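Next up: just one chain, as structure tokens, the form predicted on its own.
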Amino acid sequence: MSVQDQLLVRHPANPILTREAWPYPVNTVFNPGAVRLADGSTLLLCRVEDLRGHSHLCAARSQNGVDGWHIDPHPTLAPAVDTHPEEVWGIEDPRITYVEELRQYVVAYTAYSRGGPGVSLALTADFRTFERIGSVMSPEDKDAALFPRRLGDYWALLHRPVGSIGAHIWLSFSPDLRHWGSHRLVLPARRGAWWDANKIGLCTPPIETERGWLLLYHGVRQNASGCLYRLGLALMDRNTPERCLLRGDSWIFGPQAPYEQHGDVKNVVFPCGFTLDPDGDTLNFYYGGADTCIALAQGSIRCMLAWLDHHGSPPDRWD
């Protein structure tokens, strides 16, 4: 068994959700945000692509987080084009953070405007009604998630703008969730032949541990057959998360199963959400396979931190 197989283990029931489960016609279901609700059940806020190619978000609920899914009969959060024209071509890839101070969930998602993808936020207490904050990062920007509590006096948001020198993970701050600034580059894509060269992005919301914030991120490598999406780990300082302590030298999870290698976009594993088991260690990562279906992989915080200690490097060794 390889190191990668030890860190994230695919559930034998994979894929756990496909378009055949949907109560209305769709093309694909993938890239869900995830939360464990107060009653112990799991809610996935799934990206659903319709037959036009536009996406919306739809909730699926399960008592055990694996099967027996109850799916909303209609889109849970659909583009609101009349009031939010930045959503004209759909909304995608939600990351969900429960914020105790607000007693609500904050959903960070990609709003696909005519100018390209940007970051939007919405608040909800029940995943039935939503208060849209609207666009907070202009195109091209995506792969965003909010930290679950203020850092000092400010909210903090990880996101991935695209610039002339590549696509990297940035951190921004806000006093009110609406006005954002103090933008800082926190995790750059590497260069050259690295597995995560030139383009990276956040996967799930940051995971708070005693040692710092654990980040699961994706790296995109171009090869002769197209793009290859794989996952890596980084550890950020707990009090100043703009400071990276360790970053894995190698990827930990890549497309190997047929439902990850074949689909609308081949060779993609893309988690947007996780839940934490009552043991405080077991993570359940919900991910999109080949932009076509939803699958589940499980890992351990303790094992991931130990792996970073042995296979990670500080910033001065990323070249």
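Given the structure is predicted, the values throughout are model-derived calculations rather than measurements. Quick note: we count residues from 1 along the sequence shown, nothing fancier.
Keep in mind the form predicted together with a small molecule is missing from the figure; the text below concerns it.
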| remark: Of the candidate stretches 260-268, 275-283, 63-71, 35-43, the one with residues having heavy atoms within 4.5 Å of the small molecule in the model of the complex is 260-268
| query | Taking 4.5 angstroms as the cut-off for heavy atoms, does residue 109 touch the small molecule in the model of the complex? | reply | no
| Any of the heavy atoms of residue 93 lying within 4.5 Å of the small molecule in the model of the complex? | yes
| Taking heavy atoms only, is residue 28 within 4.5 angstroms of the small molecule in the model of the complex? | no
| Does any heavy atom of residue 142 come within 4.5 Å of a heavy atom of the small molecule in the model of the complex? | yes
| Would the small molecule in the model of the complex be within 4.5 angstroms of a non-hydrogen atom of every residue among 47, 229 and 291? | yes
